[in-house]
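Here you get one chain, nothing else, as structure tokens; it is the form predicted alone.
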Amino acid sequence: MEGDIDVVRLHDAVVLSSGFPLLSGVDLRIGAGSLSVVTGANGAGKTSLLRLLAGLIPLTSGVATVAGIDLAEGDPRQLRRRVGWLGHEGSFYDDLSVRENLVFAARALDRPTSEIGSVVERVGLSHRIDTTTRQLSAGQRRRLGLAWLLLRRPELWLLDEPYASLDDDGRTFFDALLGDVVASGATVVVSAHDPLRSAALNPRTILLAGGRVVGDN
């Protein structure tokens, strides 16, 4: 269920890149403790919307707040502590092992390293914990990204096409993980071409076209 507190508030949000509109006036509110799936054709603005919410691209005009932080004027360091982003490419070091990458990342944000073993087990990478990241498959790298988010425990999870490179078992696992994350009180926004596999998740569906929200149910 969507909470009374809005984690995301956008009003007439515009993002331009070299004069081209990636987002062309988005109005959107997302409540705490909810699961939303952003859908739309290629080029509709799905990734741009998530990257804006993550503070990875600047707001050109309009109003945008995420976790109470004004994207135009707020401290991006505070935003990074409260928002977790999982894009197509992970930001891990290829020559470090799964364990070493998570230790490094945890220390960078003052998170406990004592939980690394449990989160690695939860995402099914215990047998690869001492394997270098370059030796992982694309699906295993996605699982490593999820392990990092579990370790960080952000208020807002932003997942860009998270089903990419996951096999059927991985997708089933991912749906179960999403349910647990939302049940814990976090807010999750997923971009996806297709509906989530588990109908039990009952996500809100936000449809984008031409950089605008054209459907919301």
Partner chain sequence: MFRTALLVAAKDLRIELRSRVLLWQVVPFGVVALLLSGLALGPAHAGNSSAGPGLFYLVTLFVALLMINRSQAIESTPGTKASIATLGLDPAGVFLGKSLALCVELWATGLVLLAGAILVLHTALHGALVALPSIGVTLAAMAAAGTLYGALTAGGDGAATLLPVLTLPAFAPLLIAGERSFSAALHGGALWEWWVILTVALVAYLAVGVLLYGVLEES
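Everything quoted here is computed from the prediction, not taken from an experiment. Numbering follows the first chain given and starts at 1. Heads up, when I say rigid core I mean the largest set of C-alphas that superpose within 1.5 Å between the two forms.
Not on display, but discussed next: the form predicted together with its partner chain.
Contact annotation: G33 falls outside 4.5 Å of its partner chain in the predicted complex, judged by heavy atom distances. Interface residue remark: F174 is not counted as part of the site for its partner chain in the predicted complex, having no heavy atom within 4.5 Å. Remark: E100 counts among the residues lining its partner chain in the predicted complex, judged by a heavy atom distance of 4.5 Å or less.
Using a 4.5 Å cutoff between non-hydrogen atoms, V119 does not count as a contact of its partner chain in the predicted complex. If you check its partner chain in the predicted complex, you find a heavy atom from every one of V83, D95 and R107 within 4.5 Å. In the predicted complex, the residues of 146-162 lying within 4.5 Å of its partner chain by at least one heavy atom are, in order, W148, R152. Once both forms are fitted on their rigid core, the CA atom of D110 lies 2 Å or more apart between the shown form and the other one.
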